[in-house]
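Single chain ahead, written as structure tokens, the form predicted alone.
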Amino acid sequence: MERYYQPEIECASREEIKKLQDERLVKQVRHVWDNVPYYRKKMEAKGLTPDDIQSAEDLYKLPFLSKKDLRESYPYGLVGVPLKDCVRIHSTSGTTGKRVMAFYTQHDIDLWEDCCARAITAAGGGDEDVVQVSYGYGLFTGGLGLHGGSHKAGCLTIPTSSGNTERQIMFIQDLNATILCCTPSYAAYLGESMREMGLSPEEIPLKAGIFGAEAWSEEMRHDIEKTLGIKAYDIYGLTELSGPGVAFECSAQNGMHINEDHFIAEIIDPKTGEVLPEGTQGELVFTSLDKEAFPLLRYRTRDICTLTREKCSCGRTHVKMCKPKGRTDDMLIIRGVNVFPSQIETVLLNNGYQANYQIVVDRVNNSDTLDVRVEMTPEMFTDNLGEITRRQRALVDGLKSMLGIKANVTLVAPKSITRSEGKAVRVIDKRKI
């Protein structure tokens, strides 16, 4: 039986959602105009005032915001309330330039935790469940977001944060954790570790997992589900908008419901900025409808996906986004071909490998090279050079078919690629471009 945290809004009619979005957007645009000079200047440059925005149909008129704007306005330029009204800051995990800072009032945190509670409830969570939050705590939004959502859903919460795999497994076993929240790559590593300990899926108390913060494929989902004996749910979010819980997967597992009472989603052509029709693949853009401290309008996520309003078997009526197909800013262009790491991962998993791999891109004599290091599983590990060569050739052929270009493949021993307890480092681009 499907569970809902806030059924009156999660299952609201399209008319009710539209009316709410119109009202909140008009109010939010006025809030931004009055309190965020940086964005007001962008509106003035387009000849706009708040009176030009009367409903969500007028959203396309507003200027975009990008990560470049967030860096230019660092640290306080996009804050929409006095700092004395802010109670928390989170930050992205970027490694270059100024970090992206996001600010929260208590009201913002309450709404964010409601969004995370919806995700946990959709995964079957309730007051009889034990939720182990193995996302990182601190400036990263994952840990504290799911932590607060778990509380609101009435679950017993284990705030393990990331790392210390032996302790993670001990708590899962000893405290009978039923729902695991972490990155998919760490879930795969936990499953691999438990299997090596001799634990079968039936001996693991977990029933569900909520995994996000990095790209993962359907094949990786099935592998995690098989190893841990769970149902694996996707969750989506950005620090800039609040954190995880902007969208979440339901029992149907064919797209993530966007919390439309808090966010309006658009799909645009990443080159022209033109809004594209529903069902068309493009760049995802979000407008925050009720964030007080950090109210972003038309924020370009750089994630590539599609939206659909097809009726969902779970009963929720909010629009769904597909799993992002990649990003416009971390998409690899190799010898003129667009390559996404998720495509490579799909080929590996379809050939029986686990999601432990590394992509190395370089430029030799003005020509791009693509090398993929892939771990063999313990079952397939061998020192038979003929067998290794055969397997490498099979992957080379599979990748050529998927990508349209040749990749060099090197099979390596199990556990020889460094494991990650947070976001996995999948791509090393050595080109000076």
Partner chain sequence: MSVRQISVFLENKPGQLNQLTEVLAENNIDMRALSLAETSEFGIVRLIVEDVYEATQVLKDAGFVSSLTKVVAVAIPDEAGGLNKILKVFTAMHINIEYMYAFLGGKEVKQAYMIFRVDDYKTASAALRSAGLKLLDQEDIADL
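Positions refer to the first chain, counted from 1. If you superpose the two forms and keep the largest set of C-alpha atoms that fall within 1.5 Å, you have the rigid core. Bear in mind that the values here come from a model prediction, so they are computed numbers and not experimental data.
The form predicted together with its partner chain exists for this protein as well; it is not shown, and the discussion that follows is about that form.
Practice task
Please name which of the stretches 64-72, 46-54, 32-40, 389-397 has residues with heavy atoms lying within 4.5 Å of its partner chain in the predicted bound form.
Solution key: Among the listed stretches, the partner-contacting one is 389-397.
Exercise for the section: Taking 4.5 Å between heavy atoms as the contact cutoff, choose which of Val412, Ile17, Val425, Cys11 touches its partner chain in the predicted bound form. Expected result: That would be Val412.
Practice task
Spell out, yes or no, whether the shortest heavy atom distance between Thr369 and its partner chain in the predicted bound form is within 4.5 Å.
Solution key: Looking in the predicted bound form, residue contacts with its partner chain do not include Thr369, since no heavy atom lies within 4.5 Å.
Exercise for the section: Please check if Met376 has a heavy atom lying within 4.5 Å of any heavy atom of its partner chain in the predicted bound form. Expected result: Contact with its partner chain, yes.
Handout entry: Thr418 within 4.5 Å of its partner chain in the predicted bound form, heavy atoms
Key = Contact with its partner chain, no.
Problem - Leu385: touches its partner chain in the predicted bound form, heavy atom cutoff 4.5 angstroms - result: Taking the distances in the predicted bound form, the answer for Leu385 is yes, it comes within 4.5 Å of its partner chain.
Exercise for the section: Determine, after fitting the two forms on their core, whether Thr382 shows a C-alpha shift of 2 Å or more between the shown form and the other one. Expected result: Moves: yes, 2 Å or greater.
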